[in-house]
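First, one chain by itself in structure tokens, the form predicted on its own.
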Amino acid sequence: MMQAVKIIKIKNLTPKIKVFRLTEIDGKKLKAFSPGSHIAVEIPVGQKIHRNFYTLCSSQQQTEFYDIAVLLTNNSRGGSQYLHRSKIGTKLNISYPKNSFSLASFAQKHILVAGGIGITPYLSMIAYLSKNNIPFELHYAAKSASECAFYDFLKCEYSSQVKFYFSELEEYISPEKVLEKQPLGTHIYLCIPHSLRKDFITRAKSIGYPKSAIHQEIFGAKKVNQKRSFIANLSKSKQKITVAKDRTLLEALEAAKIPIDYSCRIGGCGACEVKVIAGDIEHLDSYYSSVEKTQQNKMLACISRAKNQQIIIDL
């Protein structure tokens, strides 16, 4: 479900990050959301409409507008460049908010770890945690203070609960120092690059954090081996969908007008899961466990592929 909004305010946070404030075109309140939620924004690129996903970084208490922070990238599909060229008054279509990175309501303490633009889901989270007097720490890594989004705001509002790490000053996050000596019932949240996320998860498990206490938001598309095209046979509709080597199964299904849910589009949330009836799967996601991947009975259409020429899916 999409809704029409317009840009009413643009703020430069860093040389490459802008915040866009969106309001409903008719002045009505926008849909309520929970901390950590994101929206899809429809972006016209050439003859196509892409959907890019951005976390809501405004407070959930305020629904007259949404704020999203957008990092300008040169190797993307063009969405960030389109938004960075947009002006006040530009109209956009956005989805209702979804949340695949929510706070654990039963946690005794929350440890939030951010890298670069990965700070965005934490803005609404810390507003909620602070308002409800729930203990938290925010560990935020960036290149420098000038390239650290929301630096002045965080330093002013949450100085005792936020620690910054600037690689330009050779300051780096240590998983050991962050995770050890935390109280029982602590949950950790990771919105950081893959290599650092892997270090945190490995360390957390080694000192006894249960899997249920480790939460991660995936950002930055994973490189995918897309050298082989394949055919997806749809068992229910009896259709044959050709998935080109440079296209995902999700994109091929969308082009064929086959209804399918999705959210992150990079294999991290599980929203686009499809059942596999026959065929070998090349799992490229970060959602399933190693045991689940060996079962070869479900896959994420946004990123995983058939190992061979054909696969049969339950659609």
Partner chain sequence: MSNSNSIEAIKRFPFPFAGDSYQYSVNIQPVVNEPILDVDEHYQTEIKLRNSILDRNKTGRYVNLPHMKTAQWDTLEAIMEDLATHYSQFFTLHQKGDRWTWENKILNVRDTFAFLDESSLPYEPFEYIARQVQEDIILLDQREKDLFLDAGVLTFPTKWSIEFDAGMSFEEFHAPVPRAHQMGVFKKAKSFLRRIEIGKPWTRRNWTMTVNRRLDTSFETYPAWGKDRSSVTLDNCGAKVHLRVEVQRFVRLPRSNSLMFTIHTYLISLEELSINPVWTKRLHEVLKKLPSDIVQYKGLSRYRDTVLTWLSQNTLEPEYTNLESTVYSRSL
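Take the two forms, superpose them, and find the largest set of C-alpha atoms that agree within 1.5 Å; that set is the rigid core. Everything quoted here is computed from the prediction, not taken from an experiment. Positions refer to the first chain, counted from 1.
If you look for the form predicted in complex with the partner chain, you will not find it shown, but the lines that follow are about it.
request  = Report whether all of N12, F153 and V162 sit within 4.5 Å of the partner chain in the predicted complex, measuring from non-hydrogen atoms.
outcome  = Checking in the predicted complex: none of N12, F153 and V162 is within 4.5 Å of the partner chain.
message = Is Y172 near the partner chain? Define near as a heavy atom within 4.5 Å, in the predicted complex.
response = Contact with the partner chain, no.
query = Is S105 close to the partner chain in the predicted complex, meaning a heavy atom pair under 4.5 Å apart or at it?
reply = So S105 counts as contacting the partner chain.
query = Looking at the partner-bound form in the predicted complex, is L249 within 4.5 Å of the partner chain by any heavy atom?
reply = L249 lies outside the contact set for the partner chain.
4.5 angstroms heavy atom contact with the partner chain in the predicted complex for H50 = No, H50 stays farther than 4.5 Å from the partner chain in the predicted complex.
inquiry  = Only one of S86, N99, N233, S144 gets a heavy atom within 4.5 Å of the partner chain in the predicted complex. Which one?
reply    = Exactly one listed residue reaches within 4.5 Å, namely N99.
key: in the predicted complex, the residue from I68, V41, V274, C269 that sits within 4.5 Å of the partner chain by heavy atoms   = The residue from I68, V41, V274, C269 that makes the contact is C269.
ask   = For the chain seen here without its partner, which of 105-113, 135-143, 239-247, 192-200 has a heavy atom within 4.5 Å of the partner chain in the predicted complex?
value = After filtering at 4.5 Å, what remains is 105-113.
request  = Give, in sequence order, every residue of 12-44 that has a heavy atom within 4.5 Å of the partner chain in the predicted complex, or say none if there are no such residues.
outcome  = The stretch touches the partner through K29, K31, A32, F33, S34, P35.
task = Inspect the rigid-core superposition and answer whether the C-alpha of L284 shifts by 2 angstroms or more between this form and the one not shown.
result = Shift at L284: 2 Å or more after core fit.
message = After core superposition, I'd like to know whether Q295 moves between this form and the one not shown (criterion: C-alpha shift of 2 angstroms or more).
response = Yes, the C-alpha moves 2 Å or more.
inquiry  = Just to spell it out: taking the C-alpha atom of N93 and the C-alpha atom of E273, is that distance smaller or larger in the predicted complex than in the structure shown here, given it changes by 3 Å or more?
reply    = The answer is farther, because the C-alphas of N93 and E273 separate from each other in the predicted complex by 3 Å or more.
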